[in-house]
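Below you will find one chain, with nothing else, as structure tokens; this is the form predicted on its own, and questions on how it binds or moves follow later.
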């Protein structure tokens, strides 16, 4: 195991902490929406900005941690700079803390999803530049083929994170230009940059866990990259009609939206074709949880993001459903359903690579994941029905907003109930992860210090000795003694810690 992988643990743990926090905040927002007279101590606008920003940042932090974990595995070498991995984490954590704190205090630029003040956006851009620099220098120094698809996918995704974020550090006087810049993050980040990074990370994970053939996966990744770039950039055009650009963008965006479901189907088909049911049953408890979370992500990718997104982007429908609760349903199913579940999967895999999780805790994990899925589906259903009634009563019949809201109110209770189930799942899973990791918290936050170096080097040596053991049967006894010495040394370090 590489030391770079060890340093990525803190990213995965922080992502889980923010995920649990998001569940609490979202539930509070849903209750406030239904009962506005309860007297929420946090203004609704500040709470909503907090919810939107944390829903973007926790998957981003988890995905960056996953890149640090899987990129060095695919490049088969340590990162160019281990110190930069640690610096990048503390910069990200500090920036996010300041963004969330400032939003609660009312420092809000008023741009949905990008409400943070510009110095904090500048800090976010600096974090993505640090990540990209470390990835590129490692990629160029690697002895692996330059054409390795997992590496290309992750590098391309991280470069586009910068390209599409930098224009949003400042705002623009012309509202159309300002909205186009905003969609570079709100849509293109999710539908292209994170799609590229997620594909590379997911492929590396599947190669490791399911032993799927690299050649088959790499072909799927190249197809995925092509679809993600075309669909990610042009499909965003179905929003442009509403911000003052020519109407042909509505058809261009709607047409290319049909392609967005293809990457997930290609990768899913390749994986299912390459693995067997016996192979799935032989997986460890950890890997079964990981695969179930990935399966959840694939489901929402195809149905919540892909098909629902395509129907909404179809121009004759888009004119009616744009900006209704149907859009909100799509946002929840696409953002958390696709990237949320994927990040939970890779972070769970990362955190419990070296740390053991008890069988009882695995049962709690299964319960939490079922609750998350039940909550998300219930929320999505309630929002879809409410959105459909909004379209009919408000935009077809022509009732006022107040009269329409009275008709859809019962379905917002269904949405709130779904949010309650979701919050139970998110808090339970977060509790299980943090409780299990807590005894090793100092090791998780160990920088590139001596203890982690010695432990990783010892693990590498143990791995080499086991390999020798399998090939040199006559030397079993002396090799076992050497392994025993190393094992005792590892235990001693743990006790000292």
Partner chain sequence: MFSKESAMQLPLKIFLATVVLSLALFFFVIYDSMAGNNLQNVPSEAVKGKMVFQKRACIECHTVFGNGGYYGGDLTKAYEKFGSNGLREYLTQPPLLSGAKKKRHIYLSNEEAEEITAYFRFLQSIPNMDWPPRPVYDKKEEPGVK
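Residue numbers count along the first chain shown, from 1. Since the structure is predicted, the reported quantities are computational estimates derived from the model, not experimental observations.
Form predicted in complex with the partner chain: not shown, discussed below.
To test your reading of this chain, name the stretch in 222-230, 360-368, 84-92, 126-134 whose heavy atoms come within 4.5 Å of the partner chain in the predicted complex. Of the options, only 222-230 has residues within 4.5 Å of the partner.
Quick one: 78, 420 and 426 and the partner chain in the predicted complex, is every residue within 4.5 Å by at least one heavy atom? Per the other structure, none of 78, 420 and 426 touch the partner chain.
Contact label in the predicted complex: residue 409 to the partner chain, heavy atom within 4.5 Å: Close contact exists here: in the predicted complex, residue 409 approaches the partner chain to within 4.5 Å, heavy atoms only.
Might residue 196 be said to contact the partner chain in the predicted complex, defining contact as any heavy atom within 4.5 Å? Yes, residue 196 lies within 4.5 Å of the partner chain in the predicted complex.
In the predicted complex, is there a heavy atom of the partner chain that lies within 4.5 Å of any heavy atom of residue 288, even though the partner is absent here? No, residue 288 is distant from the partner.
Taking any heavy atom pair closer than or equal to 4.5 Å as contact, tell me whether residue 158 reaches the partner chain in the predicted complex. The answer is no: residue 158 has no heavy atom within 4.5 Å of the partner chain.
Contacting member of 208, 353, 284, 327, with respect to the partner chain in the predicted complex [4.5 Å, heavy atom]: Exactly one residue meets the criterion: 327.
Taking the partner chain in the predicted complex as the reference, which of 152, 377, 416, 268 has a non-hydrogen atom within 4.5 Å? None of the others qualify; the residue that does is 152.
Residues within 4.5 Å of the partner chain in the predicted complex, restricted to 143-163 and counted by heavy atom: Sequence-ordered list: 145, 146, 147, 152, 156, 163.
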